[in-house]
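In the block that follows, a single chain appears as structure tokens, in the form predicted on its own.
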């Protein structure tokens, strides 16, 4: 079996993983940056919204209040203040490196003022990630098309991971590391309708959970309210520029649901669209009020043109889709998990910054700040003594089950949830048979099934409506704002 030795192992090459790699290498570490597909992959490159940096130090209290309001009682105020404060340092660092942000900040949903910095309009994520990859120092070794099959853990600590080159179990490779950072992104592919790329199957969260890390709030999945039939999203910034929502009857309806109308937090807008779709038969977004749509939002315009839609002459149909996970691997403010020498950053992590509902464009901000922090702490915790263990293989299940998992989740744990549907969904997921994985596709399916079970279990336990999680049988928020934690035990069960 091929073996590689490094100081810091990073799983995932999105904004959090790439920024962590740059920071760790600049601190003198040898870094292995591994991705299961290509380096330029994951959700970051699809992010149309920019980075929600505070305008300056005086804007931090206002940005914090917007974040807390969107997070519906689950935002960790201390963590959030430290992230927003450090964000200004990271902004200066990015500008010094050569990132060119657009001159005029954008206003996006949930923000009380324009503060979101874009890069070339609605192509922010792609340009940011491409830039970061161009900044990777020589101490960073990149490994593309390597599927992470299992973390190597013993004595309560993680010592690296086992990978399958080209997704083939017959081509195993071990990367042993003093510390490991999971930055593998979200879980959108467990749903039949999502904005996430095909690689977003929750692998990193599943890996961390199987080695004993606490995960929390996996039921808190944000549904982007304005998504096209092909999964392409209409940026929230479009509504900030004047786009309005119309029901099948051609009527604006957001005034019925929130004083902020189209700029209400995403959970409110998503549920409003869901209800109007049921009541009137469909919802549309009218982009005609936006001046110079083609140049301000080239990605949006191009996506619509590819679908044969002309947003300059008529409203276009949209619906909510699984978009962003607020929960994830539970970490402290520095990215440390409950397992020694295992760290997490970005969408795979739950820091408490997003609470129960992410504020628009706070995700890239968190990825930048927490990527840097996780790298610093991972290097501090690195230990040269690495226990030699014999790696095993994860469970797997038939690839045909992926479609079944997605349909179950769409039926039971989408925008609106209730006990009967969740219970039926949990039982249906439990009945999907498993056996040793013979390919990365089968291992992905196993990860999807595990994540889906935890999402449904968390949704059943959270007997309230809070943020992105809405229970029609518990329509009000509980007076007790709490996290729902889950952890693996040796019997293979999920325990609280």
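Residue numbers count along the first chain shown, from 1. Every value quoted in this text rests on a predicted model; they were computed, and no experiment measured them.
In what follows, reference is made to the form predicted together with a small molecule, a form of this protein that is not presented.
- Candidate site formed by 206, 337 and 369: none of these residues places a non-hydrogen atom within 4.5 angstroms of the small molecule in the predicted complex.
- Of the candidates 449, 36, 466, 63, 36 is the one whose heavy atoms come within 4.5 Å of the small molecule in the predicted complex; the others do not.
- Distance criterion of 4.5 Å from any heavy atom to the small molecule in the predicted complex singles out 148 from the list 270, 106, 148, 405.
- Residues with any non-hydrogen atom within 4.5 angstroms of the small molecule in the predicted complex fall in just one of 454-462, 65-73, 425-433, 36-44: 36-44.
- At a distance threshold of 4.5 angstroms between non-hydrogen atoms, residue 217 is out of contact with the small molecule in the predicted complex.
- Residue contact check for residue 333: none of its heavy atoms lie within 4.5 Å of the small molecule in the predicted complex.
- The small molecule is not shown here, and in the predicted complex it never comes within 4.5 Å of any heavy atom of residue 261.
- In the predicted complex, at least one heavy atom of residue 15 sits within 4.5 Å of a heavy atom of the small molecule.
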